[in-house]
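There is one chain below, alone, in structure tokens, taken in the form predicted on its own.
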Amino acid sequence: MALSYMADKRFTNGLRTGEQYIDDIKNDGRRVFINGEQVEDITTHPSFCEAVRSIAALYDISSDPDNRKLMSFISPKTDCPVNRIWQIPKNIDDMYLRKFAIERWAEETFGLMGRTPDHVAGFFVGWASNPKVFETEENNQMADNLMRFFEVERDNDKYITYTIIPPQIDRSKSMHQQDPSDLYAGVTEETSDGIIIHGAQMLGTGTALSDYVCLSQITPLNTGDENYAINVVVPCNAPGLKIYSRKSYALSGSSTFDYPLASRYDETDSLVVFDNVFVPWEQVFVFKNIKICRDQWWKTSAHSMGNHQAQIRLCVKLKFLMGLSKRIAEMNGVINLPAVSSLLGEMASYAAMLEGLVEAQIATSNEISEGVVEPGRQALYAAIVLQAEVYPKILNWMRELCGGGVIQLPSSYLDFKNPEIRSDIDRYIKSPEYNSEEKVKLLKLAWDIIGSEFAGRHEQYEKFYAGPPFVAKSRMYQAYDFKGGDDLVKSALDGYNLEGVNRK
């Protein structure tokens, strides 16, 4: 039986270990389904266990006393060190401290896990930075609920994911116009103790691995959609919550050698079904309020903080791709060809561009609420627009560098165990500085990020990370400083007339 977070709340030293994380989610009653069956224990199931270990490794990094300065700050509630992913930034220095901690975690997964605990923690940091947005004229109960939850989860270092997009059923209709009207996750009943949620939501990336799932809406809502204008959290083992995972790329990988990335970093994506899930009032932060449901993203730093984390992670991922591309060119003996060095230079220019935009987000940090800063939105949305275009380009350039080498590879690591096969592999699949095993290992690593199912998912993920490209471009339009350009145009027009130059 799942408890509300208040019933189970405890203040620890704030720095969760990997072992504690695994113990907390092991056999906890969560209902995760894959391949037609319910998973008994995600910490041991082959579809999820390596991803669980990858998340546990992050917690071990942040709880390591040797990383205390990098990965933690002091909780104002307990005076104990807590994970820096929960730090509300007061100035540019705090923004850099958060960046360094997020970057360290991203390096551990090569930027391949997009919904690690620091992602949604960034959204909660944004909400907690300006809780007044959650207040109404009637009361501030929802804001109080949010701040209490934030403090408990910060001081216990919990893992929260979110589902903030409705399923793709009939996007031509509003949520309340669907048939039946409870297809999308929303409120179907109110009680004195809480509310009942029924319906489904996507895209539950990492939900199978997390402690809590946050349910809200980032898509525009219309009059009549009030039942869906919510922000709530529920434990992932809440009665009635069902997590339907897509195909596991980890399970389909034959070995770590053959699929070194998919086997360890497939965080999975899920359809999350709320089958009459009870949510106590203390876990409700927005309730049937379309305006607040919209404002929580744009009038707090939630969207900017969560996406800033994503851009830091993406830069680490691009560094990984650039290092891999350079090694492939070196292995094939073409690194010094002008065409290849030029291609690598063009690829590097995009990676450096995005790194520069992350720096610009910090450098242009501005106050979003009293004593709290957020990343500069112009640089943030510029990076998001580029993300959708740059990532597929770099993958295509990597394919050019690899050529047919990533296709003509041994079927699996078992080929190396057969003496006859190995003899031919050793003779024909090698490079001057790489023996057969080293070459195959490198090219299989490349294939897992440019050609496998895991790779295809990542390309789709980065391309539509912030929604359809036109949405990201619309946000860029809103964030860009057009006034500065308009002032220049006005100055130019004021500088001349029919008689010539207008001298002042």
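If you're wondering where the values come from, they're calculated on a predicted model, not measured in any experiment. When you see a residue number, it is the position in the sequence shown, counting from 1.
Keep in mind that the form predicted together with a small molecule is missing from the display, and what follows is about it.
The listed set Met202, Ile196, Ile335, Leu409 contains one residue whose heavy atoms approach the small molecule in the predicted complex to within 4.5 Å, identified as Met202. Distance criterion of 4.5 Å from any heavy atom to the small molecule in the predicted complex singles out Arg171 from the list Lys417, Lys132, Arg171, Arg427. Stretch-level contact analysis of 350-358, 316-324, 163-171, 302-310 against the small molecule in the predicted complex, using heavy atoms and a 4.5 Å limit, identifies 163-171. Contact here is defined as any heavy atom lying within 4.5 Å of the small molecule in the predicted complex, and by that definition not a single one of Tyr59, Asp118 and Lys158 is a contact residue. Within 4.5 Å of any heavy atom of the small molecule in the predicted complex lies no heavy atom of Tyr477. Mapping the unseen interface onto this chain, Gly451 falls outside it, with no heavy atom inside 4.5 Å of the small molecule in the predicted complex. The shortest heavy atom separation between Arg31 and the small molecule in the predicted complex exceeds 4.5 Å.
Not displayed here, the small molecule is kept clear of Asp211 by more than 4.5 Å at the level of heavy atoms in the predicted complex.
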